[in-house]
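In structure tokens, the next block holds one chain alone, the form predicted alone.
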Amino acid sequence: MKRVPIIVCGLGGVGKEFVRLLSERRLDIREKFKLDLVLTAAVDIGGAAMNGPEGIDGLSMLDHVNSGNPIETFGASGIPGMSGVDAIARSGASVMVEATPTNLVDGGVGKAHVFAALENKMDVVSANKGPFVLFYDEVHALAAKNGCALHISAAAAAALPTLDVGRICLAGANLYSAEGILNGTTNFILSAMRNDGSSYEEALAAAQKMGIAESDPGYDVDGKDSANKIVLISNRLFGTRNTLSDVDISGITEVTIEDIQTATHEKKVIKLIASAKNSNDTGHLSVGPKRLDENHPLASVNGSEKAITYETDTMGTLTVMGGKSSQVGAAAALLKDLINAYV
């Protein structure tokens, strides 16, 4: 039985769902994988909870937090005012799970957490895109220096196994390209416009009512979320060193119901496609609405589902679709990365 002490940074929706899954499935994971995943510390805005080798009762902690109480007041484990960086240094954890909101300006606290974990020779499992999109070279150099592993599939389309398929299932093949539907919100909107005849505004309102889209959906509908994911996929799988400035980005806000109807009449389907071509040392990255033939493997991806297609030299073209677009799906991807890191 391998014991893996864990610190979780960020107790928003994804962080709390991760703690719940970790707690509820700990015994199953012990039995199936011979792994004892122990929550030793958790950090949020106002402080931390830490309980050393004994670990924290994750479900009790969630009851405390979900009742409106801050993490730092969780019984004898609570430590008011403790920063994530300090908690990482004191936690004794082997792995840091990063679940704070993505910051694409300067990386925010997520950057500080990732660098602190690597300095303390911890592996990193992250749903946060910011540190890896903005500081890819620096993060990987520090991880290599300290012998740490980085697991970021939760940041690259969450429950859709984009990186797992590319790195594991297609190992030994040369990857020529990747193209995918990497954002569930935009795919829901475009699907509703085509299938239900909704206008863009009506489809967006429906997505917001269902909780698929945020009240401010700009990050999704402008194509930036998809751009972040294709940067991570290209850098991880193709060995490029791209940033957001290397991506040609356009969103779906200008797509009209007339565009959808014209495409349908011509047996085409409009999807927001993120693509990366593996050429030279930089590749070519783009995000934008694309008219696909109805028999294209990505054309049949409906609702909030996502998908990715890889073109290879020896394994042909492979498409994977599905994956839950939700906080639970992202949390499950974190747990999957964590398990696979140690089995």
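The structure displayed is predicted, hence computed values, not measured ones. The first residue of the shown sequence is 1; numbering continues from there.
The form predicted in complex with another copy of the chain exists for this protein as well; it is not shown, and the discussion that follows is about that form.
| Should residue 251 be classed as touching another copy of the chain in the predicted bound form when contacts are defined as heavy atoms within 4.5 Å? | Answer no; every heavy atom of residue 251 is more than 4.5 Å from another copy of the chain in the predicted bound form.
| is_contact(residue 161, another copy of the chain) in the predicted bound form, heavy atom dist at most 4.5 Å | Heavy-atom contact with another copy of the chain at 4.5 Å: present for residue 161.
| task | Tell me, yes or no, whether residue 206 is in contact with another copy of the chain in the predicted bound form, where a contact means a heavy atom of each within 4.5 Å. | result | Close contact is absent here: in the predicted bound form, residue 206 is far from another copy of the chain, nothing within 4.5 Å, heavy atoms only.
| Might residue 168 be said to contact another copy of the chain in the predicted bound form, defining contact as any heavy atom within 4.5 Å? | Residue 168: yes, in contact with another copy of the chain in the predicted bound form.
| field | Joint contact, 136, 147 and 229 to another copy of the chain in the predicted bound form, by non-hydrogen atom at 4.5 Å | value | No.
| message | If contact means a heavy atom within 4.5 Å, which one of 171 to 179, 104 to 112, 186 to 194, 221 to 229 is the stretch that engages another copy of the chain in the predicted bound form? | response | It is 171 to 179 that comes within 4.5 Å of the partner.
| said: Suppose contact means any heavy atom within 4.5 Å; which members of 304 to 318 contact another copy of the chain in the predicted bound form? | reply: 313, 314, 315, 316, 317, 318, in sequence order.
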